[in-house]
Each structure stands twice: as C-alpha cells, then as structure tokens.
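Look below for two forms of one protein chain, each set out as structure tokens: first structure 1, then structure 2.
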Structure 1
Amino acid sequence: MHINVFDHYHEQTTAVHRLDPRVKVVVVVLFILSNALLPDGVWLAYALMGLLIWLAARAANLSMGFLVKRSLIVLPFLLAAITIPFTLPGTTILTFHVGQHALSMSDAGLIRFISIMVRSWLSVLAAIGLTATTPFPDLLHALRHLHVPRVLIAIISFMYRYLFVLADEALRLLRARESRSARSLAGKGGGSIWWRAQVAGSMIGQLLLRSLERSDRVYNAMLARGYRGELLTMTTHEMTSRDWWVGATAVTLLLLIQVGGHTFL
C-alpha cells in the first residue's frame, strides 16, 4: 500500500528500464539543465523537448496520463511566479482594477510566465519518468558511481526509507483512533473543533515519538544485516555499447535543440 504512495517505479522489461541507471540520471539532469537554459517563448523548442519525453514514455511503456497526473504536483509551486506578468516591462495587453489600484499585464511578462510553466512542467515529467523506470536503490547506485558525496546519498536513502516508517506509524495511529471512536447513526463523530484540534495535536506528538523509536529499531536492524552507509542492489550495472549509444544520441539531440532554440527558433 505504501509503495503505491511513495514508490512510483513501474516494473517492466523495456529497453528504457534495462538502460544503465547512470545513463538515465545523466540524461535527465542534462535535459532539465538544457530545458532551464532555453530562452523564453521558443515554443517549437519546448514542443521538441516534450516530444523527447513522449518518445521515452512510449519506449518505456508508460502512459502519458500517468506522467501528467504525477506532474500536477508542480502547479502550486508555480504560484511563486504569478507576479511576473504584472512586473516585467513590456507592452500592456490587459489591465485589472483591484479597488483603487490597476494591475497591468505585459506581453513580455506573460510570455515569460508561460515559458516558466512549460519548462517546469517538462522538467517534472522527465524526473517522474526517471523514477518510474529506475528502482530507487539503482538510482542511489548511479549517484554513487557519479561521485555524488556519500553523505548526501546516505541522507537521501534514509529519507526514502523512513517515509515508509512514518506512513506505517501514522496508519497504526489512525487505525487505533477508529477502533476507539464511536460514531452516531449519521456517521459523524462528536466533539468540538477545539477538541478535535487537541486530539490531532496529541496524535502528531505520539507519531513523532513512535517514529523516533521505530526508526532506531530499524537502524539497528539494518546494522545487524550488514548496512555500512549505503543501500546495496542485487543488479550488476555495467555500461554496454547500447548504453553509450543511447546516452550519446540523447545528449546530441539536447544540444541540437539548445542550439536551435538560441539561434533559429
């Protein structure tokens, strides 16, 4: 149950799944970097970047509906850029009157805002595709081979591992509350809003204490089973000629789109 919530890996036997995780990590990082470096308003370049994601999703047997649904998490963060259309200088295309104040939307600001939305969305789609085609231990293995600091990898691995511990403890608390709570025939529980807030605060405190105790037991169990600061994987990763060709092709396509976005598009 928790794996469906936190782990979005889809086990398949496609060519994308069989790629070396180092290739996928490098290509996705370069994709996000190249995406961020594209100028504002180069819509054809954005479309080509989206086409690359679509082709990769088809090759990995992933539905675009799955990727789009998961990518909606980026929408709340885009609110931080909502002021750009009203602050960037340019030709006024629309004016809003809020009380005694007037907000003018410029064409340059609107283009930049839409460009930020598209670039952010494409980057999130690429990251979701990476996690959907690569098991988490393999991702950590790739980061270790790419010489990412071991401390950072350890922090990421523990964060991932203890998300499941936290969810499990929260589920136990909710199940205990349901078993001790009486409900009316209408299906509503009793108590005022203040009382409910006190109960919720108490549950959060219990969750913290129980999670700390549980995490300590989990860590001791990991040490007893040979944990030495990194998650191990049973998959042997060796770069093949196909991995090199796929990586080189992807990097070449990104470079072509980047050059085209700055010169022709």
Structure 2
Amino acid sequence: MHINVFDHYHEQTTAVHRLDPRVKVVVVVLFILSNALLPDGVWLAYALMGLLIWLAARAANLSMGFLVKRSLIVLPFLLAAITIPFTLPGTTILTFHVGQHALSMSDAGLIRFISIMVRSWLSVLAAIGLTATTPFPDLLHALRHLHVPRVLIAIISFMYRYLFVLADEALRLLRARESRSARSLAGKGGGSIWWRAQVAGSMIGQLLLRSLERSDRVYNAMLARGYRGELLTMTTHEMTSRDWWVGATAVTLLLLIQVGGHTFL
C-alpha cells in the first residue's frame, strides 16, 4: 500500500493548488461558518454560495462529477432530519395516510428540511474541494501556522504517516482469517456471534499490541536521529500578495452573501 493511498489530493498545478494552504483553510472554514449562519429558505444566497464552489472547482480543474460523487457521504445522515417536514408546525401542504394515521407535511418544515440539506451539502463540497487541492501534509502545516496546538498536529501527522502501515497490517490479519475460514457452498459461515466477535476481538488485540510495540521502535529510531520532542519541517509556506488578494476577495464575497441573505435575498 502506498503512503498516500488515503489522500484525495488531485495532483495539478492550477492557481487554486498553488494558493497558500492557510488561505484555503481559512476561506473554507469561513465558508462553512457563513453557510451555517444563513437563514432558512434564502435560495438565492445558497445559489451564490454554490456558484462560488463552482467557480473554485473550475479554477482548480476539478470536475463537479467528482465533487458530487464524494459528497454523497453525507446522504445517510439526512435521515436525522427527515422528520422535520412532519413535525415543524406550519400550513399543511401534503397529507400521507399510513394505515389509520395521517402524516401531514408542513410548508415551513419542508423549507427547513431542504435548507438544512442544501447547506450541509455545500459545506461538504467546500471541504472536499479543500482536500482535493491541498496535499494532506500541507494542510496540517497550514493548521500549525494557524496556531492549532503543535502536539495535536504532530500526533495527526504521525497518525497519517502510519495509517497505511497499520491498514496493511489489518488487511494481512483479515486475509489470514479469510484463508483459515472454510465455508460450505450451501450454508453460511459457522460459529456463534460471540465466537465470531472473539475472533475479531483477538485480531484487534493482536493489532493493538503490535502497534504499541511499533510505537516503541519508532520512538527509539527517532531518538537515534536526534528527536527532542519537537517535529521540524523543511517546507516553508510564505504568503504572497496574491494569496492575500484571493483570501480578501473570497472573504468579502462571503460577507456580501451573508449580509444579503439576512436582509433582502
């Protein structure tokens, strides 16, 4: 397995890719925040937010198809909000009959449901755009510059570094289980649920012990290379005037949409 197997970075050299990661992180976080702050049912404001994403995706040479496909990950969570149209009081627009019960859908509820859906979707698109145009190590570097505690960033970097190593280890354990588990063509696999859980639990316990031992070895190797509790990095990110301009423009646009959404859209 390759080290970057989990990264969704799309190798390109567009203007968006070259933008300082700090600018991208700040703009995306502000985008998500202003998304959350927009009231319900301001469709034009949502459309403008969507337009911003579309423009950024074009500039970054990312296909909308890719963004939309990845954004389907939030779909299951929509179930959490699906009851709103039926529970928020408002004018009834539709009534379903389930047996002898009647489910009535209110206009206010429907507007709120769709608003939540659209806002959540736009936020996810923005976050996907961020990871698709910024290599993950750069993203972490940006967070470090933005004063996220260093220890935390160092831990996440380490996790990222060893993700594929331990995923490989887990896949080997899974392969081993596959190859020692016979299954009759007709029936399903044997064993009680508790027995199966025990097998999986032993694998996880095994993986845990191996990981602990590995962290020991890693630590010793780091000590041997002069580690003193501080991670150093070779890449430096410098903010250029272009970065400032792009960031300022994006923030201004977000502010305008926000003000518009609250007053006249």
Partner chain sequence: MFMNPIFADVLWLHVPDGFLSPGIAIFCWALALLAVGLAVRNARETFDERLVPLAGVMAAFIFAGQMINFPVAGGTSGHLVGASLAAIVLGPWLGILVMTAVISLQGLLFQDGGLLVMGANILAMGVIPALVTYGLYRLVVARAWRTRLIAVAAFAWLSVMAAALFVALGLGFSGTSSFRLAVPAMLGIHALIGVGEALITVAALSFIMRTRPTLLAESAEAGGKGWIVGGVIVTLLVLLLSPLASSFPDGLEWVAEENGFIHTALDAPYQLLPDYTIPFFGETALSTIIAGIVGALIVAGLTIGVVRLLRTRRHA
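All residue numbers here refer to structure 1's sequence, counted from 1. The term rigid core refers to the most C-alpha atoms you can superpose between the two forms while keeping them within 1.5 Å. Since this is a predicted model, take the numbers as computed values, not measurements.
Taken from the structure described as the form predicted on its own is structure 1, whereas structure 2 is drawn from elsewhere. Taking the rigid core as fixed, one finds a CA shift for Gly65 smaller than 2 Å between the two structures. After superposition on the rigid core, the Cα of Trp54 moves by less than 2 Å between the two structures. Core-aligned CA deviation for Leu30 between the two structures: less than 2 Å. On the core-superposed pair, the CA position of Arg210 changes by 6.1 Å between the two structures.
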